[in-house]
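The chain below stands alone, shown as structure tokens; this is the form predicted alone.
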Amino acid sequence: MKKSYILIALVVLLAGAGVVSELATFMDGRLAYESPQAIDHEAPTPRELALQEQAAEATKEAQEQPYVEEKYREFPVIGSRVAVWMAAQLHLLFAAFVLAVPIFALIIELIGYKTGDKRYDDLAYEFTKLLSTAFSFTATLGALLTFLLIALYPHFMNYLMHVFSPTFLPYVLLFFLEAVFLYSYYYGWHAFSKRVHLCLGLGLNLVGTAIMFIANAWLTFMMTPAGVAASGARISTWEAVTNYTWMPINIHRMIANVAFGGSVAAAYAAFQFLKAKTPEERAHYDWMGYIGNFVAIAALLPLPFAGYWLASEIYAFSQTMGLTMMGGAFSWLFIIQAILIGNLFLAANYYLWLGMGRIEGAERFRSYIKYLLIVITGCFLVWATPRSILATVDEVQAMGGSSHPALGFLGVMSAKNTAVNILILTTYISFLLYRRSGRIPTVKWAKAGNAVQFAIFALAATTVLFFGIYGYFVEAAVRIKFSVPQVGSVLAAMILVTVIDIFLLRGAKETETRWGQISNTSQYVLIFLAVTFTWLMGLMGYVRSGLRQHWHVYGVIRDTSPDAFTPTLGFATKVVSVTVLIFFAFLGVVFWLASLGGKHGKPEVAVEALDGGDV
């Protein structure tokens, strides 16, 4: 038994020795393979070799890939359309301001030169102080807009360059020349003789207007193209420039820019008035605000007429586009426009009525204000009444259609043309009463002159009402033509009454105007006017661009981007509102820098006690 155990133990020992021997041999081989002397660390692994081959293949494919022009690129978060929209709107707002301020600054300086009144020269200089920083903002935003258009819409920009390349060099040269005139006009205010300085101001205005005309050709071509073949190939650059809406846009923008620039300058004066510490400062900025507001109102009065001309040219080019504008997707936006314009007229009149409180002897005209207010309110309501209203099914059935059986008649163009013309006449009467408040005519024919002026107003109002009512009994084609005698009678009345008033007030006895003695409410009205003007310009820019719908160039270059749709009214108002807020934030920086310029030794003149100087 013991021998058996011994034999089994020997067998186990021999087997174990064999296993140990084999394990040692195996480990020796492993150690030899993994020895540092045997490993080549620089040799790529199979995985690395595969990755290198893939990279080489990708590089070869990239090198062999043909160039394909991109039509669109996407802007992060807000999208390409909104990015270009906001940049374009900000650039246009600052450009409008930079174009408008030199116009009335030159006129005010010329008045000071002719009358010898130094206050006008000082006022023109203070307006011009706003231009230096505003010009820099305009140029920067213009460069931003250019980069965005080239980066986000390269194919479309290539096409515009194909059509308008001959205009680019003159545009750049004019822009450079504008900078020379602007800074020479501003910094040379007290260095050049007055005649030379006035010539610099004239040159600045001519160059600025030429720049606007060239830029307007680009944007109006997109809406009413001309001078190109059906395929889009350029036939005549000159015809492309002088398209259907080019001149109407030029006139409309010129007038609108002056109104907008005047309102912004008045808002600057209001801002300075509210933070003024002395009666002299309040008097000066009260007068400055009045002049700026006067410029804005003077340009606002003919602005609707320029709008009529533009609308008629759009109809002449494309009735489809015209119907879309007034009776289609944009019809409700024109109701908003009507409300904003009504607010402009109401606020402008309110400022004049408040201003009468600072004039001695204005009490004799206060009784007329309530009648003017009734007329203005009535015209405002008619102007803002829609033809078709948003209603439930039950309400539509009760009315017998989408239009109200009675108020629906106020929503057509006959009523609206009549309302806006009466509104313009009434606003002019408010200004006339303000002008008369501080002056008592001394000419012998004063009563006869007043009677003639009253007769002219009555005749103009009767003409407007007659054609407004008669328009309901004729066909649409005839009704549209009635706007011509309505507009003509109003313009003729304002011109004739102004001429009579100039001679009537020669040698008039003037009463004291207590500048600075006006409520702070009037200054908030000036700021309200500037904000409303800005918002209105933004919304009307949306209409002009939106009329193209899914076209970059109407009927020629189709928009195939993801943004090829007409934004809703709600979305458009949000974009415009944010843009307006950004603009006024930038404008606050301009105001602040302009005020710093006065503190650091810019040529300033002590403010006198202003006891007159009405325009």
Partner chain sequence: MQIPVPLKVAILTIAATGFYTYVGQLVPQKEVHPPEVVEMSSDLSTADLVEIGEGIMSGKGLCFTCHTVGKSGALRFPDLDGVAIRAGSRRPGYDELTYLAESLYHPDVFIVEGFSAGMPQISKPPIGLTDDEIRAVIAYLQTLGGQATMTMDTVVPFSAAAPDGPLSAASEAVDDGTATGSDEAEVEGAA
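Numbering follows the first chain given and starts at 1. The model shown is predicted, which means the values in this text are computed figures rather than measured ones.
The same protein also has a form predicted together with the partner chain, omitted here; what follows describes it.
Enquirer: Considering the partner chain in the model of the complex, find the one stretch among 191 to 199, 120 to 128, 103 to 111, 529 to 537 with heavy atoms no farther than 4.5 Å from it.
Expert: Stretch 529 to 537 is the one.
Enquirer: Quick one: of Leu581, Ala56, Ala50, Ala62, which gets a non-hydrogen atom within 4.5 angstroms of the partner chain in the model of the complex?
Expert: For this set of options, the contacting one is Leu581.
Enquirer: Can you work out whether Thr568 and the partner chain are in contact in the model of the complex, taking contact to mean some heavy atom pair no more than 4.5 Å apart?
Expert: Although the partner chain is absent here, Thr568 would touch it in the model of the complex, with heavy atoms inside 4.5 Å.
Enquirer: Taking the shortest heavy atom distance, is Arg514 within 4.5 Å of the partner chain in the model of the complex?
Expert: Judged by the heavy-atom cut-off of 4.5 Å, Arg514 is well away from the partner chain in the model of the complex.
Enquirer: Any of the heavy atoms of Phe586 lying within 4.5 Å of the partner chain in the model of the complex?
Expert: No, Phe586 is distant from the partner.
Enquirer: Is Tyr171 close enough to the partner chain in the model of the complex to count, meaning some heavy atom within 4.5 Å?
Expert: Heavy-atom contact with the partner chain at 4.5 Å: absent for Tyr171.
Enquirer: Could you pull out the residues of 261 to 286 that have any heavy atom within 4.5 Å of the partner chain in the model of the complex?
Expert: Going through 261 to 286 in order - heavy atoms within 4.5 Å of the partner chain in the model of the complex - the hits are Phe271, Leu274, Lys275.
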